[in-house]
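For reference, the chain that follows is the form predicted on its own, supplied as structure tokens.
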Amino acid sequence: MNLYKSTTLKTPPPAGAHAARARTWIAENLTDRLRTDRAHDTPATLDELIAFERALHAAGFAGITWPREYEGHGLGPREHLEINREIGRAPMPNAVNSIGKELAGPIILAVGTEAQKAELLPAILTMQHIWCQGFSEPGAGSDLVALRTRAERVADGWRLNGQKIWTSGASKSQRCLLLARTGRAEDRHRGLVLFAVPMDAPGVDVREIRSIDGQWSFCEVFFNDVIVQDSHMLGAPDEGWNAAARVLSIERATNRMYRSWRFQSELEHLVAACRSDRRALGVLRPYMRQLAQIRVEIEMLKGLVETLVERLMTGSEIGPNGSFPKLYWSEAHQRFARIACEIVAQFPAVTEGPLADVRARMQDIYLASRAETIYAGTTEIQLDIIAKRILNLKRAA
């Protein structure tokens, strides 16, 4: 039995219809086991999450702006935002293949060969290839250009040696978007190259790391004399930094456009659950001023996202402006998570119903939020980019 109903997009519907289609499809296909606003004794399995994500693409709601020849849907940024609003409003699980769809895919579209596009892009959307991102290293996190993973020319391609850390999802991935160095570490931005590394290549060693929420989503990955072909190189050997910078601007700005609306749905879930119980409502009341400020911040964040979409529609580059929504979202969402966790910690002891559901969700959000001001560039890095590249401030003497 097919759990997911087929509503594959064949011709673009009229403006405004995308949201309605997405809302209807999500309502019909988001099962209780997949909903993040339910407390689960047994969470959805990886296979269930992959099946849902594959169905999301088949229905027209992933690969929205990718060309049709690579299994995309050929729509524009405005339609992408319209659909992502609905994705955000629903209590949907985060994508298993977010690195593939939101980072690797745009880079392959920008610098990949036709052969690479034809091979790699459809496999991302159909979930044949899940991707991870091999950027950060033990000595090169926020200072990415300090990375030391080496790529050396050999007769049969390239030999890779080095270590990556905090590589989300590496243990379930088939490809790694790897940034390596062909020159000396002192060369900084020069001599960097990007690869699409098969994770089953001999010499790739993945070790899982348990995070604060009890999950095993982080990994460290060792590359020990891993041989890859020229066909695995994305762009030219000395263009890795420019491609990486483009990845980071995409990651910080337009990826997961749904975050603002997901943020709003989390706040609304908390307030609605409190209103369902007299004692919980009493807990909520002292926090109403703080939550009202959070609600204002959500609207401001939506404005930042929509402004960037308008820039994309006029053909403008995002560049350093991507630091604004990343900085603002991570800081505001972290504040909300702290307040929400304080509130649900004071709830009466219940094991089921609205209060149990919202307590589980807010506790999960709090634990996950601790990393939000670190990944995709720390708060300090974002402030530095804004100061130097947008405000043109000079370094203090």
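Predicted, not measured: the structure shown is a model, and the values here were computed from it. Residue numbers here begin at 1 and follow the sequence given.
Form predicted together with a small molecule: not shown, discussed below.
J.: Which listed residue (241, 258, 166, 287) meets the criterion of a heavy atom within 4.5 Å of the small molecule in the predicted complex?
T.: None of the others qualify; the residue that does is 166.
J.: Which one of 84, 173, 323, 133 is close to the small molecule in the predicted complex, taking close to mean a heavy atom within 4.5 Å?
T.: Residue within 4.5 Å of the partner: 133.
J.: Could you confirm whether residue 341 comes within 4.5 Å of the small molecule in the predicted complex, counting heavy atoms only?
T.: No, residue 341 sits far enough from the small molecule in the predicted complex that none of its heavy atoms falls within 4.5 Å.
J.: Using a 4.5 angstroms cut-off on non-hydrogen atoms, would residue 218 count as touching the small molecule in the predicted complex?
T.: The answer is yes: residue 218 has a heavy atom within 4.5 Å of the small molecule.
J.: Residue 381 versus the small molecule, in the predicted complex: is there a non-hydrogen atom within 4.5 Å?
T.: So residue 381 counts as contacting the small molecule.
J.: Since only the chain is shown here, I'm wondering whether residue 374 would be in contact with the small molecule in the predicted complex (any heavy atom pair within 4.5 Å).
T.: Output for residue 374 is yes: heavy atoms within 4.5 Å of the small molecule.
J.: For this chain shown on its own, do 19, 72 and 295 all sit within 4.5 Å of the small molecule in the predicted complex, going by heavy atoms?
T.: Judged in the predicted complex, none of 19, 72 and 295 sits within 4.5 Å of the small molecule.
J.: Out of 48-56, 62-70, 366-374, 352-360, where are the residues with a heavy atom within 4.5 Å of the small molecule in the predicted complex?
T.: Selected stretch: 366-374.
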